[in-house]
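Take a look at this single chain in structure tokens; it is the form predicted alone.
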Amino acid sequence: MRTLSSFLSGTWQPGSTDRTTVLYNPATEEPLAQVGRATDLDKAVAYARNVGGPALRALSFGERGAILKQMAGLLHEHREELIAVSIASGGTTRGDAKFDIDGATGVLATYARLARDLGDKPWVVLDEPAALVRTSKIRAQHVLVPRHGLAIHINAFNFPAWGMIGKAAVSLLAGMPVLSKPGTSTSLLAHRIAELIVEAKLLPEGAFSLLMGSAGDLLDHVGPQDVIAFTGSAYTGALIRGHQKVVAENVRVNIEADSVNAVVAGPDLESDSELFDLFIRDCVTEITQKAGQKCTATRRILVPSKILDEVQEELVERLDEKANQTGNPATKGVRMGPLATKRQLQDAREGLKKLAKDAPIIRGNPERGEFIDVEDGKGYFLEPILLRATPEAARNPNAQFHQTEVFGPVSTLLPYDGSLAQAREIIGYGGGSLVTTVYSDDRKFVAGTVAELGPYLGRLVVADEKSAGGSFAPGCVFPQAQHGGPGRAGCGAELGGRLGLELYMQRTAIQGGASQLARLFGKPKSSD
């Protein structure tokens, strides 16, 4: 069986073979490859930090951006090959594989364009100089400079392309070398992308490393200039934050964790409108895309009680269609594949038992075992599941659908009275989310959601009748908008265009004479 090597200290290293993990095709359970446990991570960290860091920082923003553009072209050139790897190793349909791979290409292209506006200086100027005292010529001005450390990226299994490349694009442009550790179960795709990058020799020596399998003692070797960006469970995120070396060195940590995202049907939504159709389509997409294995997937659907039955009827009908199109993603006509691993399926079924205590299942069978072009009982499949709560349960802050994220094609209908106050109350029970979408043409209601729902969210999507035709599903993460959220979602923030660079750069106040700052950073803009 093929062993997937790590790329550390500038070489491919197979790792220890006494403790290996086997990767399986989640639709057929066929073994695909194995990964060993890497050793000498202290040397790998030092090499990336001391060789890759200076080499990257020696390049201008424009030169780094040119590399990102080449990387985008490389991924696009090998797109069909990467799609095939994703289908086999991740259980994705062709459409879901493209969503992941094209998302990675899109982040590279966006940050390559951004690089053109950052200039040829080794810093980013954030503001105009400010006088410290009215009568003094001494000023203060803030800049961003690359940190002299290593960006450690610990990624989730669900987006092996987008997750790895999305983080890497930002940190590389910021001037920090990357050590990427993909989620093991679907890491065949991340490994192939890494092979392409290394073979193409686009990056300076030491600027990119790949750690396959277990993280081992990686965090024992972090330092105060390093950055850790983690995507995964809140439990693991807490372990990283609390790691003895991370705490002792005050290492910067960014967490993107659990999130019970919601959508809100406004009080004015009517079933015969284009906006209503968009609402239903988006709900189905966010429940079933990548088999619901998205951190931005919709877990709670808030609907005014007066149209709840109509919403349920439409959703059940369209989810039935998806259920009948679930199976081996390599088979033509299949529109939803399996969960990524046997453990993910077990966890989803256990999570559904918790949810069902507060909201009965109204569509789907968690134990179903027959799917398209799959041997009975094989694969890690879960058909779309829809639950429905009572008004009383929806307003119970301890209800499981407010507390538990089932990482699969699962969502719960929550009735509310159509008021902003009750919508805010229910959204708040989630403890902080990545995204919520509001579907409404009621301007007062929509304006209120910004102030009332915004504090609980990393991103608020507003959909109205006028924009319905050109709207994007709320689970799409665009590099121009920040990705992260408060509370349970991890209190982190990635992407967001130029804002994303701040994770990997140090904000420093430069204090000096007005003319001195002007020579360094340019003359301030005219106030006329």
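Each residue number is its position in the shown sequence, starting from 1. These numbers were taken from a predicted model, which means no experiment stands behind them.
Keep in mind that the form predicted in complex with a further copy of the same chain is not shown, yet the notes after this line are about it.
Trainee: Looking in the model of the complex, is a further copy of the same chain within 4.5 angstroms of a heavy atom from every one of A140, V247 and A509?
Mentor: Verified in the model of the complex; spot residues all in contact, yes.
Trainee: State yes or no: in the model of the complex, is some non-hydrogen atom of L457 no more than 4.5 angstroms from a non-hydrogen atom of a further copy of the same chain?
Mentor: L457: yes, in contact with a further copy of the same chain in the model of the complex.
Trainee: My question is simply whether V450 lines the interface with a further copy of the same chain in the model of the complex - judged by any non-hydrogen atom within 4.5 Å.
Mentor: Yes, V450 sits close enough to a further copy of the same chain in the model of the complex that at least one of its heavy atoms falls within 4.5 Å.
Trainee: Is the gap between T17 and a further copy of the same chain in the model of the complex 4.5 Å or less for some heavy atom pair?
Mentor: No, no contact at 4.5 Å.
Trainee: Indicate whether a further copy of the same chain has at least one heavy atom within 4.5 Å of a heavy atom of G490 in the model of the complex.
Mentor: Output for G490 is yes: heavy atoms within 4.5 Å of a further copy of the same chain.
Trainee: Go through P122, G351, P267, G216 and name the one with a heavy atom inside 4.5 Å of a further copy of the same chain in the model of the complex.
Mentor: Checking each option against a further copy of the same chain in the model of the complex, the one that comes within 4.5 Å is P122.
Trainee: Of the options P146, G206, G327, P384, which one has a non-hydrogen atom that comes within 4.5 Å of a further copy of the same chain in the model of the complex?
Mentor: By the 4.5 Å heavy-atom cutoff, the listed residue in contact is P146.
Trainee: For the interface check, one of 62-70, 459-467, 22-30, 40-48 should have non-hydrogen atoms within 4.5 Å of a further copy of the same chain in the model of the complex; which one?
Mentor: Selected stretch: 459-467.
Trainee: Pick out the residues of 120-139 whose heavy atoms come within 4.5 Å of a further copy of the same chain in the model of the complex.
Mentor: Read in sequence order, the residues that approach a further copy of the same chain (within 4.5 Å, in the model of the complex) are P122, W123, D127, A130, A131, L132, V133, R134, S136, I138.
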